[in-house]
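This document contains two forms of one protein chain, each encoded as structure tokens and listed individually as structure 1 and structure 2.
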Structure 1
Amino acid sequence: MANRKVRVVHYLNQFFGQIGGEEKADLPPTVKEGPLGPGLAFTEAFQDQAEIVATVICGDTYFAANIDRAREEVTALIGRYNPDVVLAGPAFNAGRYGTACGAVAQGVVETLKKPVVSGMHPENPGYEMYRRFAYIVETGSSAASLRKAVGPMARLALKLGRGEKLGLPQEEGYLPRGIRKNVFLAERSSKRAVDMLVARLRGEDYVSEYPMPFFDRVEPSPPLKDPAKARVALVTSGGIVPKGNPDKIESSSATSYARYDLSGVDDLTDKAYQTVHGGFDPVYANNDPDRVLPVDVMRELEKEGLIGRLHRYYYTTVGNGTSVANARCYAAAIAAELKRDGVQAVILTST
């Protein structure tokens, strides 16, 4: 047994699985024998101690649109190859891909009872949603950080695949999973707590044994009283812009937002508007941008008196890979303008 190679199955999306870009994101799960794409880098890092026996690939949109079904299908495909450990991604800061990798981890851990190693940027929603299922190595926000992620992911996969116990997140190089374990230490807790307090008073470094969890929740606003009298604004992270993208909003990791005047616009046509979002197949949104930003319906409701009026400007950015810090800044600035302009409610659409 000692010399047996660890059996690895690798999960990838359609892009890293070399099937195609957004136009192939509807791809249902499929399997290819052996390593593929990033799997080649992992194979190199394993140095003959482990083998990627198969690669399971699924389109990001297919997965996101059918999370439960996709998780079961992918897990079943992985199970056929009887892995010791499963690799998923890395997904960097791609939200759909990270969510898919996390859901695969849940399926594999719960159904196949095998460990899963993934790689994500800490802001990837897949991390917070699924961190208790996978051992997730911290990566940069884009695939440029693949090289750096491979080594640590491969090392964890080898250890877990051999059934070895892992140490704490900071020792082993994975992101905290929110799991508490009992350990015995030489010094009792009262002494450790006083030591920590003394260090703090002296201005020295100390590490909390239980950092307080940080839940950034906002209280729901009181409901809108009378929409027939209200000014309602549209905001989108779906990247709808006037044709030609005059403000050059980036299709991924946007560094700006823009506002555009809707005066005299009753319908978003393919002639005048488009999407610049790089995280989905843009054909449908380009053919009819109302599919993302429902200006046509808002005008209808305005005419019928169901809303007071549609705010003159709409605000737009691209949510794809955009950092939480940036998104927060944009929205805070947008909200301040909307309030100044007397807007009473906001409909925000996301793709």
Structure 2
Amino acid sequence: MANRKVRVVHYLNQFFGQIGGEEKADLPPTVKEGPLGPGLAFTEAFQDQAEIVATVICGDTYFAANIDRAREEVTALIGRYNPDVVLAGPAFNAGRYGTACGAVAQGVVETLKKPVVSGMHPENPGYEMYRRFAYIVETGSSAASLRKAVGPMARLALKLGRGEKLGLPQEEGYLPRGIRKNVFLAERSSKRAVDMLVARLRGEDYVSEYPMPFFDRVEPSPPLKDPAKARVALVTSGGIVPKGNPDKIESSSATSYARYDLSGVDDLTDKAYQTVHGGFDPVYANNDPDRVLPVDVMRELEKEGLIGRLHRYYYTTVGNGTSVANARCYAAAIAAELKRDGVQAVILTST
């Protein structure tokens, strides 16, 4: 390995692969020789120690809608070039792109037995879903942080491509992978634990050997005083949309939500509505969309006087792989509209 360049194959989406924007997001996997787009920056960072022999490109929508097939197709294209290491992205905080990069990493590691380096914002769903398959460098939320990501990603790629052993995440500059390994230390665990406790009591810095997970805590709203007079809205992450998906909500890592009118609608039929959610078997939801968005039941409650009225509009998106940051943005925007329209309660449904 020391006498030759490290062979690298680079995976990009349609935008960074310089094919087009959203209008080309349904592009099937294709391959081009040599580096493209961000690959030129990586080539410069490699300083003749590695060579990007090919760039594999796939549209974000195509990958999200056909994730298993797309992973196999991309992995097969990569395998043709017998790389020492694969680069994927960086994807920043782009949910569909990050999920695709992670799925590519899974295919490459499991099928080709080659290491993969990527770059993502920690809130990208691709990181949480696929971190055990790739060495992921932390990036900013947008492509403006590309230059900062290239150096650390290139260094990791060179090490892995040469078969060198990597140290801990904080030593090598990649995000934790959720993989625990046993190591032998000079001091026994009881002494290390007491030392950490003493440091905490003294207000001194210390690093836990087992970082605790962080969970959002949301205080519940008070109950409705009189449901029979309340306007109630339906909001879902189950991807229920009018037939044909007019607003093109993605089946995974959604980048938008939509609002649809329920005026005159007492039942969601399979002829008029469908789910676009890609994270579960859609057969039962498509046969009767009320199973996910219970408009029929809400109309019954309305007629019986148990609720004041069902709100004219419902809101929908897809929860599958959608980033926490995007979900918060959707929630804030939807909540503002519901408050403006005088809605007193919301029923949230998922899958």
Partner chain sequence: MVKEIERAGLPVVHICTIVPISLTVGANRIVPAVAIPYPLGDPELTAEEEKKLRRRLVIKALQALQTEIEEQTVFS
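Here the structure is a predicted model, which is why all the values come from computation and not from measurement. Numbering runs along the sequence of structure 1, starting at 1. So that the term is clear: the rigid core is the largest set of C-alpha atoms that superpose within 1.5 Å between two forms.
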query	finding
Panel number for the form predicted alone	2
Core-superposed C-alpha of Gly39 shifting 2 Å or more between the two structures	no
C-alpha of Ala272 moved at least 2 Å between the two structures on rigid core	yes
Cα displacement of Ala285 between the two structures reaching 2 Å, rigid core superposed	yes
Val297 CA shift between the two structures in angstrom, with the core used for superposition	14.6
